[in-house]
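Below you'll find only one chain, the form predicted alone, shown as structure tokens.
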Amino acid sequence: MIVEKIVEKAMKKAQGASAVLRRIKSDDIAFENDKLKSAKSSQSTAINLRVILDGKEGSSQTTDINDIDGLVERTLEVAEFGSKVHFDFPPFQEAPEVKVYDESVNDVNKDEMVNTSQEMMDIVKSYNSDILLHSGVEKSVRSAEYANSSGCQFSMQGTGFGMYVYGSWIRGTDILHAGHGFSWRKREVDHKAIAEKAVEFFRMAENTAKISSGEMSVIFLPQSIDVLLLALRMGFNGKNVFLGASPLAGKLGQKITDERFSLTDDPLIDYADNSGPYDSEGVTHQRTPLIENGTAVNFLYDLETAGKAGTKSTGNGPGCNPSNLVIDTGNTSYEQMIKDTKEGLIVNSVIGLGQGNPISGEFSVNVQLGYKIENGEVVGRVKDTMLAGNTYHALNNIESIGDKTEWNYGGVLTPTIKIKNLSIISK
């Protein structure tokens, strides 16, 4: 492998080295405002090298596979001014088996991708021809080769496949944006179900409804769950914990959410977007429970942060970030959540992640698409509405958790979650 040769060259001066070679070949079809906008193919190659030289780390990257000598030279130069390291590159370990490659993705041609996009738009258009639509299909084949100076070597191959349909419904001065999408590593994606879900979101918004300001129950659909998860992503990041920036520092073994809430980082789910046998540092992936029945049980670490903290990497490197987050199901159906609500809000999507202090859990977001619940029924779409609260407070005030899970576009497998007494601000 090329990466072995790179490591050998680096080790003529360095005390440790690791190299990763990544290749991606992708095709994507995109429609914009009902018309085919692009049909592109692309390929990319990147090599990343890390070295340990005299106890300091250096890293560099190139997209030129013929620039090996230059890459090694630059990385060694960077290391002279690098930070002190607190880790050794890991030896080879057998990784758990996880499926990330589907050969049939290769068989999908551009004509089929165009037809699939068009079919999704046709389904939405059959509901309302006035909706201007954007749709697309994307596929990719990815490969990675890894080697380090501790004898760890492996190669991986994976696929990616996804599709989406979103639209704008303009009624005078009112513009409604809605849609749906899904991606993973397998060819089996139900494009008709995606389009029908988009239609459902438009249909729920046919009427508009006024919602009063105040505290009330809020139902977060899977598409909007990141409003609550941003603080947890940052809070369980081992680097933030080590630096003392996380409010969860020192709270392992303590209750931090409702006991019905459990959260796991799981990179071993077959065909999930962020799954794989190893992380980018050559550490085997593992399932890491973060919250069990409301109690914080683990943080996420990469090699460097684990070394500083005196613990082991959880296979979340570099960066200590989660892979696929999984929230356990509850026992309440989505329909029952609505039926049990006298007045409340369903959040489908928000604009960005708003203002506030995410690492402390504070959030304040504008609702892009939300629906008012009145006396157990969805009565229409709300406008000019904001949602404010604190993640940790909200997750200690869970009213119910859905009995079914769904992937969102952010790599989260989650049920619908209903929170009581969140603050709504409406003009």
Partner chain sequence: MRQQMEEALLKSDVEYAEIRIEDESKSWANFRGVALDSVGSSKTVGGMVRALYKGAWGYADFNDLKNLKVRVKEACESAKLIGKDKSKLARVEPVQHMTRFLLEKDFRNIPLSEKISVIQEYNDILLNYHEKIETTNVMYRDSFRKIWYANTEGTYIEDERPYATAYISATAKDGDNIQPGRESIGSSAGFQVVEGLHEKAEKAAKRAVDLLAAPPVKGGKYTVVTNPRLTGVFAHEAFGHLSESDFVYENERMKEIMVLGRRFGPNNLNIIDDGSFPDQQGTLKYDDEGVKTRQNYLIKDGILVGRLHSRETAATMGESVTGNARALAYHNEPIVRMTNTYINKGQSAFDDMIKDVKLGIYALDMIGGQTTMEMFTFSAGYAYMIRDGQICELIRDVVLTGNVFNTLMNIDMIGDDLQWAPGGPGGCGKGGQSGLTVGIGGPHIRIQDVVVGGRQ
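Only a predicted model underlies this, so the values are computations on that prediction, with no experimental measurement involved. Positions refer to the first chain, counted from 1.
Note that the form predicted together with its partner chain isn't included here; everything after this is about it.
**Student:** Consider E362 of the chain shown here, and say whether it contacts its partner chain in the predicted complex, taking contact as heavy atoms within 4.5 Å.
**Tutor:** It does: once its partner chain is placed as it appears in the predicted complex, E362 has a heavy atom within 4.5 Å of it.
**Student:** Looking at the partner-bound form in the predicted complex, is S155 within 4.5 Å of its partner chain by any heavy atom?
**Tutor:** No, S155 is distant from the partner.
**Student:** Can you tell me whether G253 touches its partner chain? I mean in the predicted complex, with a 4.5 angstroms heavy atom cut-off.
**Tutor:** It does not: once its partner chain is placed as it appears in the predicted complex, G253 has no heavy atom within 4.5 Å of it.
**Student:** Report whether the minimum heavy atom distance between N375 and its partner chain in the predicted complex is within 4.5 Å.
**Tutor:** N375: no contact with its partner chain in the predicted complex.
**Student:** Within 4.5 Å, heavy atoms only, which of S224, N240, T116, S217 is in contact with its partner chain in the predicted complex?
**Tutor:** Only one listed residue qualifies here, and that residue is N240.
**Student:** With its partner chain left out of view, choose which of G356, P277, G330, G307 has a non-hydrogen atom within 4.5 angstroms of it in the predicted complex.
**Tutor:** Partner contact (heavy atom, 4.5 Å) among the options: G356.
**Student:** Choose from 264 to 272, 174 to 182, 331 to 339, 156 to 164 the stretch whose residues reach within 4.5 Å of its partner chain in the predicted complex, heavy atoms counted.
**Tutor:** It is the stretch 174 to 182.
**Student:** Is every one of S41, N390 and K427 within 4.5 Å of its partner chain in the predicted complex, counting heavy atoms?
**Tutor:** Every residue of the spot touches its partner chain in the predicted complex.
**Student:** What residues of 395 to 412, in sequence order, lie within 4.5 Å of its partner chain in the predicted complex by heavy atom?
**Tutor:** Nothing in the stretch sits within 4.5 Å of the partner.
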